[in-house]
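Below, in structure tokens: the form predicted on its own, a single chain.
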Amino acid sequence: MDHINKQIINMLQKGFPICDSPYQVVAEQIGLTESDLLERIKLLLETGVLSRFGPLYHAEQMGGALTLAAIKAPKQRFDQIAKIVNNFPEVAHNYERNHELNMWFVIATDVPERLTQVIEEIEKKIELPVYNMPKINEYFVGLKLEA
């Protein structure tokens, strides 16, 4: 990863400008054109250096709920179960883990009571228990690259 990409990643973690041309503002701070910045972000996503670029919402502060959930998905059904789970709009992302609980995902809902409903609906469709692991404390871990 080159010096400019490290600067981009560091800048975007500090916060994104709320204005008519936020990419232009960030590009100018780094010394790029807006189109160069957008192309670099696109390449960082395409190559997997970044897995996602977008806002993080605090569901609880917006009146909703958020939890981490896991499933013991049989290997022969893993892809089928992942497809079912991922079809729920409340599921933010889903990861396979090398663990007895091998499927982990985040559920975010607009109202707290919907969280239990989503878990129950998933359990009914996959015919397996969903392990609900609600957040007790929140931590932010920032990645700062030497540019």
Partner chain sequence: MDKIDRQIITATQAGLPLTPQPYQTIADQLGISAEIVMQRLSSMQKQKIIRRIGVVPNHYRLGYNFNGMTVWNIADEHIDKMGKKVGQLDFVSHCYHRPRHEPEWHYNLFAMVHSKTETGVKQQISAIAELLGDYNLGHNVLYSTRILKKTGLRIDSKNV
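Think of the rigid core as the biggest set of C-alphas that the two forms share within 1.5 Å after superposition. Residue numbers count along the first chain shown, from 1. Remember, it's a predicted structure, so these values are computed and weren't measured experimentally.
If you look for the form predicted together with the partner chain, you will not find it shown, but the lines that follow are about it.
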{"item": "4.5 angstroms heavy atom contact with the partner chain in the predicted complex for Glu138", "value": "yes"}
{"item": "Distance check, Asn94 to the partner chain in the predicted complex, heavy atom within 4.5 Å", "value": "yes"}
{"item": "Met62, heavy atom within 4.5 angstroms of the partner chain in the predicted complex", "value": "yes"}
{"item": "Contact label in the predicted complex: Asn86 to the partner chain, heavy atom within 4.5 Å", "value": "yes"}
{"item": "Sequence-ordered list of residues in 101 to 134 near the partner chain in the predicted complex, where near means a heavy atom within 4.5 Å", "value": "Leu101, Met103, Trp104, Tyr131, Asn132, Met133, Pro134"}
{"item": "Exceeds or equals 2 Å, Cα of Leu38 between the shown form and the other one, core fit", "value": "yes"}
{"item": "Core-superposed comparison between the shown form and the other one, Ile119 Cα displacement 2 Å or beyond", "value": "no"}
{"item": "Large Cα move at Ser21 between the shown form and the other one, threshold 2 Å, rigid core", "value": "yes"}
